[in-house]
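The same protein chain appears twice below, in two forms, each given on its own as structure tokens and labelled structure 1 and structure 2.
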Structure 1
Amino acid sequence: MNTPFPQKPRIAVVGAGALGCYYGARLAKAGEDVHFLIRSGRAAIMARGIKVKTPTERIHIKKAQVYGTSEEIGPCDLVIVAVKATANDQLKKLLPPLIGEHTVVLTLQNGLGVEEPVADIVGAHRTAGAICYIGSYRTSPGVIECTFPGLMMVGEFGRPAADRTHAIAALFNRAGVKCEAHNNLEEQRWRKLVWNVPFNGVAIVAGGITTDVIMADEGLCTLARRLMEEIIDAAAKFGHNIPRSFLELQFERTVKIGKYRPSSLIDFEEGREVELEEIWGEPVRRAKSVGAAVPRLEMLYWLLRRMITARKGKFRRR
């Protein structure tokens, strides 16, 4: 961990969804040595490259370095995991060929418990994580629309930021991605849940509604607040002090964004995997393991689990 992170790292991006393409294209455009591991939609990306549209610019990486297997890429300095947590069973096969002695594996996944599966494969000392506050979606293979570039927060798994963490933050900042290194990655993950748990969850369970509908409904708005309080109280039992003012800030922010369709609702309605365990299941289990009362969070988890299970019969897996 104290080995200097190279100035010109060899980078692998695992997964070509919205996040993998967006951050990978940013890094490639900045002249970094980026290797994309892509399993579906590879032919399209090899033919047309990666296109990213943001509110202020258009990026086109015409000749992306694209691979179908990890073996073709080989060991890297930085491996960015941009597949969904629901595809984590594939990592056991995908990651090992990319790992060298000083490789850092940075998972961009959402929710709690996402570093552990990576650490089990590559070792905790190689594992880092990032929390991405970003609005982006894939319109077709390699074509990404970014509505809100936002902010990335990087941190180490179970320890404070190291030199390499700051180096990775600097790498992203040089590539035009606003990025901060944090000393407590897990606290940042709990903070992100304060918004994601109520708004992503209630949007699905209350019948497929946007955030403005939740904000305009007195009951659902109070429910969102109670869920946030449960998350904040549970986080406190793990020593993470999230002030109540952070809760109010979430509501102010949500009013500002207006009619917004949370990402989990989009995934749910379009038949894609929803990060059920990472956003709801694992927080419930962790909270209960320390005796935090999370009756509403647990109820939300149970309802979502049933609805997601039932929905699977209606869609083909992608």
Structure 2
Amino acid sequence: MNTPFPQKPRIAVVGAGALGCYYGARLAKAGEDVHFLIRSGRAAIMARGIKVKTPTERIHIKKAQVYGTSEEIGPCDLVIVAVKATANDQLKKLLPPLIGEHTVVLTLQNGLGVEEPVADIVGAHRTAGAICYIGSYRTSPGVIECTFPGLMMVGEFGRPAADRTHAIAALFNRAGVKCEAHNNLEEQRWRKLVWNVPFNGVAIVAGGITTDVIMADEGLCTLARRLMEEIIDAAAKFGHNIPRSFLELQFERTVKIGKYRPSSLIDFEEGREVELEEIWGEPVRRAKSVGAAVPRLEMLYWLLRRMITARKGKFRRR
């Protein structure tokens, strides 16, 4: 879509986890008109604002524009979906009041098939996605630790990048977020899985370990490599050619972030929903649909599914 994107957009951030607060705070610091839709921890954020700590700076948005309902915010030019994909059933209620004539909805969610639920609600022509290579976590409501600011890639759902895609990328770049517009959003999602599938998954099934432990263990490191190779081979079946050098780059980056707890491990250990289907289940189903052999990925999926089911029972008994 080539609808003009405003120079000074009205922005809604749906969700106040690590990504929502981090990117929202950066945009707000840059002087953008940012409205946060927050339902959990809203009182704390209203009282203390949003604080972000990175390796090089501290950001404190003392008076964040915080709301409890979408209706209080109203239509916006850009809606950033920063809730977990496991909460997508809530989007049917949250998104419609935020939609205007030319609204773009940008989902930051992980995995495959995350644009479709958004498109079903607001229309495919309004839907875009972002892949976020970032190491961040929330320590308390509105307080974010970012160990690796990384890179964001934005693209249109089922279409090449348009003028508005480049405008959104420029918006984030002005806010200090390294951001690129890409023509093939689905390929970028497969690329993100090259890291997410092994490191999030192995961290959980190997007993709650950090990425440095995986990298230091010959067997686990080999398993991560084989899982990456399966993802790359499956992506190729869909016409997405990811070079083997990209695999090596993921290992180089993982070494640099040191002792890191992947987001899925944090969710698992704290009893929150894990994006099981989006990160592991959907890639398995898509790979098998085109005859790609992914035995390790499929095994990891079933192990995770069993562990998550057992954990749910444990938390229910508490």
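Residue positions are counted from 1 along structure 1's sequence. In this text, all values refer to a predicted model and were calculated from it rather than measured experimentally. Under this definition, the rigid core comprises the largest set of C-alpha atoms superposing within 1.5 Å between the forms.
Peer 1: Determine, for this pair of isolated chain forms, which one is the form predicted alone.
Peer 2: The form predicted alone is shown as structure 2.
Peer 1: Assign each C-alpha to whichever of the two rigid parts fits it better between structures 1 and 2, then report whether residue 209 and residue 182 share a part.
Peer 2: Different rigid parts: residue 209 and residue 182 move separately between structures 1 and 2.
Peer 1: Through how many degrees does the small rigid part swing between structures 1 and 2?
Peer 2: Rigid-part rotation, C-alpha based: 10 degrees.
Peer 1: Given the rigid core as reference frame, how large is the C-alpha shift of residue 258 between structures 1 and 2? Answer in angstrom.
Peer 2: Between its two positions, the C-alpha of residue 258 lies 4.0 Å apart after core fitting.
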